[in-house]
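Single chain ahead, by itself, as structure tokens, in the form predicted on its own.
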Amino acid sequence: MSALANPSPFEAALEADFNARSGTSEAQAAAFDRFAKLRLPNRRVEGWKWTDFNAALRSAEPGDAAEADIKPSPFSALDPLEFRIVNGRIELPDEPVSEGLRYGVVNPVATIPDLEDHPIASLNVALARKALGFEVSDDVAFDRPVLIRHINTGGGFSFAQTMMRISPGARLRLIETYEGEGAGFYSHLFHMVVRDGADFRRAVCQDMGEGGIVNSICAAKLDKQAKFYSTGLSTGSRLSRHECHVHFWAPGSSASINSAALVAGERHSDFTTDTQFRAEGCAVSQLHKGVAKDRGRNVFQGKFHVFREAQKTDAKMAANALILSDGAEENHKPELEIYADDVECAHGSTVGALDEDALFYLRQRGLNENEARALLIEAFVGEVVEKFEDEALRNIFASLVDKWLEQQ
């Protein structure tokens, strides 16, 4: 008997895959039961009304993923420690493990309490077979970047997890890419802890084919005086949603969460964040930039949740967007939920078109219309790209923006 009422063909394939597995744990069974009640999120669910996974996957064919040649990453120029997750299969670097690091393929997480009401997180816990485990030892400053490449090469569905611990006083730079021409559904659940005084910097790049469907979740717990930086760039896909859940659990920690999306055709990009403050004296700044053309859709949802004990919180959020075509769409939902009384919290949102006066000014100085428009868009998105402190990394992201502009 199916645990799902009137399942779609895709949901039936998910359940069949779950039932066919041997050695399923009680935690995984409980996670699938939660998913069976929640189901794939749809536009009637608050928080998902602009990113309808149920509609996108209702008629999806759950076929196998195809093999494909994997090209070098543009980030290979940074000499990273490279991991690959290909259709959910984890591939470790073929080199000796550096001192101060520990990594390997481990069993997936049993649950994340704060995400038990999240339908795709529950599905991931139920169906992920393995996880990439990674730890940086105390006071280790690992300055070589770590690159995790999420590669989707075909149809079907795949699930993977990463569990990471940045120990007290440690430092790490991480680059995550979402790539491949596959049309399958890929779910990644990234659970991490940034311990006392640690410094973690994350760059996310999605440059997938137009048929891919992806949901990535980064859930980060910050301890005392920890620092968390995350900046993402997405060109969308058939349906993509990148979530960042940052929870401040100890005083004096800080975060910078930034994102930019450039979508054209019928591509869809969603950046959703949930920032919870449970300790005093914490700070976060957040900036999102969206550009939409043709029938592209950008979604930004950001929430600051300040609990009563989180006095002296300093939190600022801004979301700005450019619409380049009549059929394009921008959806912003900034939120503040504040129960403390000694805080500085602010949010703002703007949506508009390119400034005609600025276009005229640039054309008067010898640029044609396409060049002038590209220059203004590049400057608009550049405010996010400039958040990267590393010049080489910043240049690679700037080149990806230039590549997108050249294709329009």
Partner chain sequence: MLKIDNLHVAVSGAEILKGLSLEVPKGEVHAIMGPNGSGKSTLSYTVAGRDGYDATSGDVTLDDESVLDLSPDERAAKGLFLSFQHPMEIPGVQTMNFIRTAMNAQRKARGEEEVSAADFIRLIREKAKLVGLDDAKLKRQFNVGFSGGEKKRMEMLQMAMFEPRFAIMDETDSGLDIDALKMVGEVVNALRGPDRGFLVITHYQRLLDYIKPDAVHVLAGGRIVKSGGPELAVELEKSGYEQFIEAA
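None of the values given here were measured: they were computed from a predicted structure. Positions refer to the first chain, counted from 1.
If you look for the form predicted in complex with the partner chain, you will not find it shown, but the lines that follow are about it.
Colleague: Check each of Lys37, Arg43, Arg58, Arg363 and return the one that places a heavy atom within 4.5 angstroms of the partner chain in the predicted complex.
Modeller: If I apply the 4.5 Å criterion carefully, the residue I get is Arg363.
Colleague: Given that the partner chain is left out here, which of Ala379, Ile70, Ala346, Ala353 has a heavy atom within 4.5 Å of it in the predicted complex?
Modeller: In short, Ala379.
Colleague: So which stretch, 24-32, 336-344, 370-378, 47-55, is the one near the partner chain in the predicted complex (non-hydrogen atoms, 4.5 Å)?
Modeller: Correct option: 370-378.
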